[in-house]
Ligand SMILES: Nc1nc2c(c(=O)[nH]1)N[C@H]1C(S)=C(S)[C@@H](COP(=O)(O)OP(=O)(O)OC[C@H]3O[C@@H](n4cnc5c(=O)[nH]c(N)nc54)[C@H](O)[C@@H]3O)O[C@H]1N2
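Let's start with one chain on its own, the form predicted alone, as structure tokens.
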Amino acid sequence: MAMDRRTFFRSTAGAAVAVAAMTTIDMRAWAQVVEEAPVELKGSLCNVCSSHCGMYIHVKNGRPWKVTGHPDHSRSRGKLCPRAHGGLYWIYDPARAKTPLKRVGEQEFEQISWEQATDEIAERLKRVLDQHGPQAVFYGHNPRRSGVVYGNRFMHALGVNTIQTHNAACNTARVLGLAHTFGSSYNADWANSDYLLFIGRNMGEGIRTSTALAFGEAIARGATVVCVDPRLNESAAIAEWVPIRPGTDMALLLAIANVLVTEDLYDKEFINTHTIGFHRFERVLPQYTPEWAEELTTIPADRIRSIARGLAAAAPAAAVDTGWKGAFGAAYANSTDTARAVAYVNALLGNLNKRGGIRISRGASLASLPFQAPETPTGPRGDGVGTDYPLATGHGLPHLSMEKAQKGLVKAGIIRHHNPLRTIPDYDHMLAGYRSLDLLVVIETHMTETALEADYILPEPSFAEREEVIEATGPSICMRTKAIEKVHPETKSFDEIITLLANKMGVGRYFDFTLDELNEALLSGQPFSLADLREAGSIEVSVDQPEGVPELNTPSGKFEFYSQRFADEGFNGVAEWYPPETGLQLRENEFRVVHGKQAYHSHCATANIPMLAQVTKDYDTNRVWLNAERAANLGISDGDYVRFTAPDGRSGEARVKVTERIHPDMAFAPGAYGNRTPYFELSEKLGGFNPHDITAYRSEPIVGHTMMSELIVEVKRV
């Protein structure tokens, strides 16, 4: 029977029984019993974004009542952001995936049993592997512990090594740029820094509550905090805002490096002891003067000098924040080298593993699993990692897989808790790729855009209804516990689903253990049991932190101003300036579109949550920002509808917020809106513009990320 989102099943017999019962029950006594019922605190992990902050779920009468932050979790520190509070709605959301579904038409599905679903999936997956090999199969997920332990193990058992995450649309450039300089993606010691320079990062909206608290501590302590951003964001509003032309952040960083070196303000001992390639870098610096950078960035040369001198005066308790997404996560053609430039300035400050600088920290560790494990495949991947893009990260390139799918080279995929059709640029490109596959399986809690393109949808319980593999996050060991019974009995947890599929695929020997047995093995050597952790939800352990500058995870063991690996692959061994692929020159009616987060939404996942959607409605926050002077020149007023037209002719409409709080070159689009699944009815009513609908499919040349901000549009009042 075909499923329809507006189909409701009513039981007249059940209704009659309920009415009869009401005549015999003392409703006041019943209400008093319900009201006075005890509240249980269930330690768990949030699931509304990928941070997995620690929380308590307050359960009363078998239902979640509210959530509060877990004080012993390193990412929440007793606080939660608005998204976590809104996430309780997901448990009872009508848009939940409730039973296994099989496609019978375009966005039409029929209910089937788990036996039928796993039998048919196994048969079709075996056929693809036999006919096209493991490189024709991929696994995409939001990379958290259960998805890694069960999903990766299953793929490896099948010989598949094309494992992908959302990173290519998030922080691939940052990860790789820092890996080829520092050796890893270390963070700034925000709470103890005397001078912090943020490049396109906004602690007020891309929230982890622990980092937001650390940011607040720095402000309260009187630290100088400078936010370089084309938009006056929430962090800049309580710090110092330096507006910059989008796409020119590397020019600013190179100019800061120029001042540090030419004015002899850098840490020579650190450079001489812990780095290689400095003299190669020093040779290219003279051209990158503050005056040169002013022409590109629109930041006055004197302001660039004052930032450089401020950093130097506070060093080593000073840092250029290493970001997350922002300007050098996956934004421009120059994002990877911008990340390298961030590292260069920090190296010149000599702040590595210094209080208030860039901290190397160790987290809690878990034991190795004693169970038989499949070998990690070494064959070719289906997304160009290691071949088309030798420097790319193992987190994968989902957009390239969809190009290869359209060419008939990729045939099947399994996706879990990941919605790449909506979160990766060029909806048409991604859609064409998924529709070219012989098999797409989506394991989800909701009927997302990607789920609606699946051949089979396998439903999971919500985060409050399932238990998962334990995690080590900073000094915290934590777990998602089952707070309530399943709302939809036909849902199954990921470990159950993968074990079922593994047995059908003939690789069940790699899953010959229960989730409890796996978690107990991971806790081997800890001074507490699985029962203790289940009761607590999160336990902080003592971790020895490294002192001084250790050997770094680079080929030389030192910080690398010059990367031989980059040079060997035909790229500059030293990061030097070059502009975004779409250039910097704009015509009178052109803007560069940049999207970003809001504190009460997680990408496109939460606009259907009523209490979070209400924030959007109350404050009218799904508008696209335009600079007031530029808007006036185009005859556009605050609240007008405008049309954004890309070079290929695709277009979208949105209402605008006209403000002086944004650089004249940029249009800022909040990234939470524009859902394209009919199951998200509230999100449909909110509307909004999603730039992914008109952003062209691109791959950055070094590490292959999506270049999400390489979109220039013509703007015209509707």
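These numbers come from a predicted model, not from an experiment. Residue numbers run from 1 along the displayed sequence.
One more form of this protein, predicted together with this ligand, exists but is not displayed; see below.
Undergrad: Please pick out the stretch from 639-647, 198-206, 383-391, 343-351 that is in contact with this ligand in the model of the complex, where contact means heavy atoms within 4.5 Å.
TA: Of the stretches listed, the one contacting the partner is 198-206.
Undergrad: Identify whether this ligand in the model of the complex is within 4.5 Å of every residue in the set A169, N233 and Q598, based on non-hydrogen atoms.
TA: All three within 4.5 Å in the model of the complex.
Undergrad: Any of the heavy atoms of Y332 lying within 4.5 Å of this ligand in the model of the complex?
TA: Y332 belongs to the contact set for this ligand.
Undergrad: Even though this ligand is not shown here, does I414 get within 4.5 Å of it in the model of the complex, heavy atoms only?
TA: Judged by the heavy-atom cut-off of 4.5 Å, I414 is well away from this ligand in the model of the complex.
Undergrad: Quick one: is A314 in contact with this ligand in the model of the complex, heavy atoms, 4.5 Å cut-off?
TA: Contact check for A314: no, nothing within 4.5 Å of this ligand in the model of the complex.
Undergrad: Does any part of H488 reach within 4.5 Å of this ligand in the model of the complex? Heavy atoms only, please.
TA: No, no contact at 4.5 Å.
Undergrad: Name the residue from E471, D267, E444, E453 that puts a heavy atom within 4.5 Å of this ligand in the model of the complex.
TA: Checked against the cut-off, the match is E444.
Undergrad: Taking 4.5 Å between heavy atoms as the contact cutoff, choose which of F566, W90, F154, F561 touches this ligand in the model of the complex.
TA: Result of the distance check: W90.
Undergrad: Would you mind checking 222-249 for residues with a heavy atom within 4.5 Å of this ligand in the model of the complex?
TA: V228, D229, P230, R231, N233, I244, P246, G247, D249 sit within 4.5 Å of the partner.
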